[in-house]
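A lone chain, given as structure tokens: the form predicted on its own.
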Amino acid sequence: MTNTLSPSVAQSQEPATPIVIVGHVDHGKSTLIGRLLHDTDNLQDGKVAQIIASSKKRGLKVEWSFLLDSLQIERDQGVTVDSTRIPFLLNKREFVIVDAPGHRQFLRNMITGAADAEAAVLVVDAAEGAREQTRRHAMLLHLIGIRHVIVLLNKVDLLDFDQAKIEAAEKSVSELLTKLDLEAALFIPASARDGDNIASRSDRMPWYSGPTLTEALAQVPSPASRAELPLRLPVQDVYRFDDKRYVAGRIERGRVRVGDTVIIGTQKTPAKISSIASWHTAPQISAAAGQSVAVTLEPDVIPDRGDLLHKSETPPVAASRIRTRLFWLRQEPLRVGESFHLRLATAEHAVTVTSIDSVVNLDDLQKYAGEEVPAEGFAEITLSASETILFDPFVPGTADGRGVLVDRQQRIVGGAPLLGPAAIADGEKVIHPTGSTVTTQDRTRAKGHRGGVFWLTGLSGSGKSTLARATEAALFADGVDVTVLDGDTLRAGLCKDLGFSEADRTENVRRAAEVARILRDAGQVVLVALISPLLSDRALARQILGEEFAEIFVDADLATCEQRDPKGLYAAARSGKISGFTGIDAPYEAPVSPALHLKTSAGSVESETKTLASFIKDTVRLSGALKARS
């Protein structure tokens, strides 16, 4: 957003203290920030007039939240959709206010926006108390590890500043925080709209003797306290200038001085800090937590991005199986066996969910056993990697061990603080899938299209294999890397040990889906031609394959399929030579809402092939060159 603050904010030389402000979408969070900036003279001249004019235009009183709502969608809907970081000066001390989204669909932005905060202001409507979003936000503060929590009981003017009612609201929020092992540093009754107890003491609550919000912020510990912890310097990048190699990164913990010997990452190579670069300033001989630095090493070793520089006497934990606390952001449940990338500071590691150890019930905040983590759910899980991961276990109140999980599209799907190494149980199979160094984006650029799985389901004789092979040829001619997994081909090799019982059919689908996933992850377009008659089996395939799965219903009525009967199977089933045959004495459950419905009873192979090929090309987003050839 455009910087609306006074130029003096940028003049402070001390590390800024990040403060995240969270709250239910209607509890007045953005109004609080706008009022806070106004009452502490952190607005540019003329900004208040703009807010007043904008408020009048909409028939409102002075709407301080308009200061924060830089996106039109936010003004129109009254919802903050992205984390906004605002420099803020208070008594010559610099803060960064992180305005984190309150609406539940924007919680992903809160995870990232609040990740480095030293303290939090939890805004709660005193008249409404702890709502579902309040519970989620409190859980997130617990997950992220923010220990210094200021609870602002807002809108107390709606309670006529009644002490008993306000103290009842304080008690309910305090009980919630206690269940999450959080303790509020302060409870401040306030009216953000009117400015009561924001920067000046309210004369409408003479019974309240605690600090105002600005006084409470002044008591928040400085990030400089991390300077006394063991050194942790994640490598952001390596640059070369004038025959010198500079290792750049932000010091997360501890101090570094010229002459110090550090250990580099999992390679455990020792090197001496030869210099701390400085341009147009006096030479630096040391730096501390919170500072971004560029150092030179002796000997001139080359660290990788994500390597962790530390002292030999205080190493981080090294493990490939890690217990993790999780806030799950994807709308589909998380299940064992799914793979992601774990981002930890500047490092990124391929990991697989080995186990779901417990799931948190948001209603009572109790843990229970579960086979999956629901959307926007909290859990403790175990992650496994094919390489050693260096980390400091998550400690509330610090930045240690704060990781996030990202999917193949580089979307954040979960916040994942690392609790510590995971022990291996007796008799447990330990499997560490090897992650590819070739990314999905690399493959997309090279091939000109994304990978994807197109699952053709329908009765025997409906034309699945015929369409799949014809479409394969058409796509290949257009430069698409395409493969067909046909039911008979699979049963001749990979699945030749399977029969046609319901259990064997399910296993046949599972194996086909796993193979398709491997090919899809390698960037291929995969056409699976499989009767797969049951909805539950195709749901299993969708679970294995995730979002890059499209169900194609190849629809021909039973009479047409029997008339075609290319393999003589219907005749054999009618004569009793084959039992459990789909469409005769075994059910076929048609797709409820397929991605594409091809009616092949009357359509020609050529027309249906053209339809299917066009659908696939649109789905995998072919490059301009490939589109032109098609």
Ligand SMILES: Nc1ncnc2c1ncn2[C@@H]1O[C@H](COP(=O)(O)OP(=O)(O)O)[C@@H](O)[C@H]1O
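Since we're looking at a predicted model, the values are computed, not measured. Numbers follow the displayed sequence, beginning with 1.
What comes next is about the form predicted in complex with the named molecule, which is not displayed.
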Quick one: find which of 329 to 337, 462 to 470, 516 to 524, 202 to 210 has residues within 4.5 Å of the named molecule in the model of the complex by heavy atom distance. 462 to 470
Is there a heavy atom of residue 31 no more than 4.5 Å from a heavy atom of the named molecule in the model of the complex? no
Heavy atoms within 4.5 Å of the named molecule in the model of the complex: does residue 564 have any? yes
Answer yes if any heavy atom of residue 605 is within 4.5 Å of a heavy atom of the named molecule in the model of the complex; otherwise answer no. yes
Examine residue 600 and determine whether its closest non-hydrogen atom to the named molecule in the model of the complex is within 4.5 angstroms. yes
